[in-house]
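To begin, one chain is listed below as structure tokens, in the form predicted on its own.
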Amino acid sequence: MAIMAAIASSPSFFYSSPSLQNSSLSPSRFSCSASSSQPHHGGRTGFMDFPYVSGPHKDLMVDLVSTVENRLDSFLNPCSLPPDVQSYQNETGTAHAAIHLRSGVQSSLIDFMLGSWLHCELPSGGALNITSLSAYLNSSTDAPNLLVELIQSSPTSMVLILDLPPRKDLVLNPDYLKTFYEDTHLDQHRQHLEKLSEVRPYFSSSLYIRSVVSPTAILMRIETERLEEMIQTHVTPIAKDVLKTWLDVCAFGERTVGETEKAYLRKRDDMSKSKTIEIDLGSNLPRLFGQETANRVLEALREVF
């Protein structure tokens, strides 16, 4: 389910990034910018470093990733991506990315978990920073997947995408809607954020994105001089609660899936992954990192997807 899954490194950021949707970026167009929140790193930068974002932003991502890995550790294989795929940059050093991907062991419900961050300096000045975490379940369950993405285009502006994307038609499956979205009270988080004066809805220009998110999806733009405080006070507790819901109800929930339904889920999930790799990443990675790096990253991801 490509749903956006985040990412220059993970599957969704290009679908949702408001800063890149209307720009024609190429590696040669990047220029050095003093607005980067961290200096350039000469050596390889690891995924869990999150080197270009604020303290509260980094703390949130580290907490989310650590929680997933701690709860699911026995169900996950180690990350087997090559070092030059786990961390990479463009020739001019103005775009950096890291990927962390762990596939599920054969006996688990987990297909894979995928985390990433991307930093790139924009031709217009400033920088774009995207961090994301997604988790995909396999056809042994029909439970929703997980998507968390924070897209920051300036020190005062951020898009938050937080959802448990459904894997079944909610109209035809009202019990599914009740189990995963009504009984879990997920909509209270969206309602809470909507009441804040600094927050307004974010509407992706991608019809695909708007067709696959759940009715309780949080797609919000936060505009404030107190962005770090907003992340700490509002975004962090909501993201942690949504993750807890996904772990308790989806990843560890008991669902009975028949063989016909498993075949449907495999077909649906495969189509989403294919769309992510071939259409999303295949067209955007070369613009940011050059064709050689893009080919290397895409080849490694295809082996897992």
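Position 1 is the first residue in the sequence shown; the rest follow in order. Not measured: the values here are computed from a predicted model.
One more form of this protein, predicted together with a further copy of the same chain, exists but is not displayed; see below.
Q: Tell me, yes or no, whether residue 58 is in contact with a further copy of the same chain in the predicted complex, where a contact means a heavy atom of each within 4.5 Å.
A: So residue 58 does not count as contacting a further copy of the same chain.
Q) Within a 4.5 Å heavy atom cut-off, is residue 176 in contact with a further copy of the same chain in the predicted complex? A) Residue 176: no, not in contact with a further copy of the same chain in the predicted complex.
Q.
How about residue 264 - does it come within 4.5 Å of a further copy of the same chain in the predicted complex, if we only consider non-hydrogen atoms?
A. Yes - in the predicted complex, heavy atoms of residue 264 and a further copy of the same chain come within 4.5 Å of each other.
Q.
in the predicted complex, does residue 192 come within 4.5 Å of a further copy of the same chain, counting heavy atoms only?
A. Heavy-atom contact with a further copy of the same chain at 4.5 Å: absent for residue 192.
Q) Quick one: of 225, 84, 182, 91, which gets a non-hydrogen atom within 4.5 angstroms of a further copy of the same chain in the predicted complex? A) Comparing distances to a further copy of the same chain in the predicted complex, the residue within 4.5 Å is 182.
Q: Select from the listed residues 132, 216, 145, 103 the one whose heavy atoms reach within 4.5 Å of a further copy of the same chain in the predicted complex.
A: Exactly one residue meets the criterion: 216.
Q. 227-235, 115-123, 194-202, 70-78: which one contacts a further copy of the same chain in the predicted complex at 4.5 Å, heavy atom to heavy atom?
A. Result of the contact check: 194-202.
**Q.** Residues within 4.5 Å of a further copy of the same chain in the predicted complex, restricted to 162-189 and counted by heavy atom
**A.** Stretch hits, in order: 169, 170, 171, 172, 174, 177, 181, 182, 187.
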